[in-house]
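Coming up are structure 1 and structure 2: the same protein chain in two forms, each one given alone as structure tokens.
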Structure 1
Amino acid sequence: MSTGSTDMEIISRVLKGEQQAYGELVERYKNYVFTLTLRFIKSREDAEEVAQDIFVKVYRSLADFKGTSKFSTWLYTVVYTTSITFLRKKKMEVHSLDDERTYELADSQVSGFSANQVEQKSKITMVNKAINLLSPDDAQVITLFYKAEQNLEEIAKILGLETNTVKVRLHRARARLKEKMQIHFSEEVKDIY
């Protein structure tokens, strides 16, 4: 997947006219972008379309990336704003992952997984359900820290907050997530520990 080039080296090559180098960035970040987009936009088809739009936007505005933060931090901002804009334009109904039909549909599409993969998927599904029970602010900071793997300083930049404020929010969000998991998934949580 990676040729050993840093994000900045690839960006520099793209900006110098080596357009095919952009494919390396797309390959490196396609799962990251799709996962985050799907977090905002529950329809897989719409999320795929928005993810493609995001890569087009990123390509067009690559010169705007100054390198003062990690590329993934800047990319998250593009994912977030593009996803929110899409939702506002479409005025789409955001579906809760609590909806059993959503899970039945997702489960019916899974095939060929080993028992460990199914168990891992089940744990991820449970955590995602619990995250969706949180307030949008709590869900956002949890998603940025754990799923987008941003550090506190990067999250602070994205959200326009002080690092200590983010640290406090993350601590409180973790506590609320744990509480939601213990309330709504007490049997499953017992099995994990």
Structure 2
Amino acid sequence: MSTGSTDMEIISRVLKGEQQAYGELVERYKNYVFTLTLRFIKSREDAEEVAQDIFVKVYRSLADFKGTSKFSTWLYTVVYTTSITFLRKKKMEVHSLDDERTYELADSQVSGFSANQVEQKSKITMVNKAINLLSPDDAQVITLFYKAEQNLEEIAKILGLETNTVKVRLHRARARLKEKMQIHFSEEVKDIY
């Protein structure tokens, strides 16, 4: 992921007054931040606004970043707390897995694709859609582990949990993802199972 200057080198330049250098960090992490935000806030518009807000907040408190953890870990902690705060403020629904409406939403989302369209979608797109059907907590832990290159200890730090709890959560999230794929994309996964 990191090509050219390291995160710390860029941060150092920004702190010395080279404001434009921050653009490199934004470019480097915008997809990660946006994807993680979208795991919580299902509306793309809101997620984008929150993601922008996250980058602004991080810029403002960049001087407080000590470098004791990876910059990405610190950034994702801000993503997590800001997304949660946004949801609390807006009092939006956090779709719990136990909530029956999650299944209704999942069904409605899947029914949005015609049979032919679904057939044409690649397995990768199918997994992406299945992740979107998960609860925010499950989707978040899978994204952090697989896409954001965070290990269990770092995820634990981001989510404020114990490492073992994260391990269990990751295992359960994958089990639920598998379940979602079997239920909603049975055609695409029939050669897997």
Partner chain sequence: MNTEHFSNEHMEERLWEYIDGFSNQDDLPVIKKLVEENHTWRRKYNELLEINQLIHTTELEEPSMRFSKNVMEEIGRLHIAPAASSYINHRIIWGIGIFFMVLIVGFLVYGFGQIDWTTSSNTSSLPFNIRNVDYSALFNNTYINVFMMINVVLGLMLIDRVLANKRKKLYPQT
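Note that the rigid core is defined as the largest set of C-alphas that superpose within 1.5 Å between two forms. Because the structure is predicted, anything quoted here is derived from the model rather than measured. Reference numbering: structure 1, starting with residue 1.
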Answer for which single form is the form predicted on its own: 1
Per-residue C-alpha change between the two structures, Ala51, threshold 2 Å, rigid core fit: no
For Gln150, decide whether the Cα shift between the two structures is 2 Å or greater, given a superposition on the rigid core. no
After fitting the rigid core, is the C-alpha of Arg13 off by 2 Å or more between the two structures? no
By how many angstrom is the Cα of Leu159 displaced between the two structures when the rigid core is overlaid? 3.6
Between the two structures, how far the Cα of Leu134 shifts once the core is aligned, in Å: 6.7
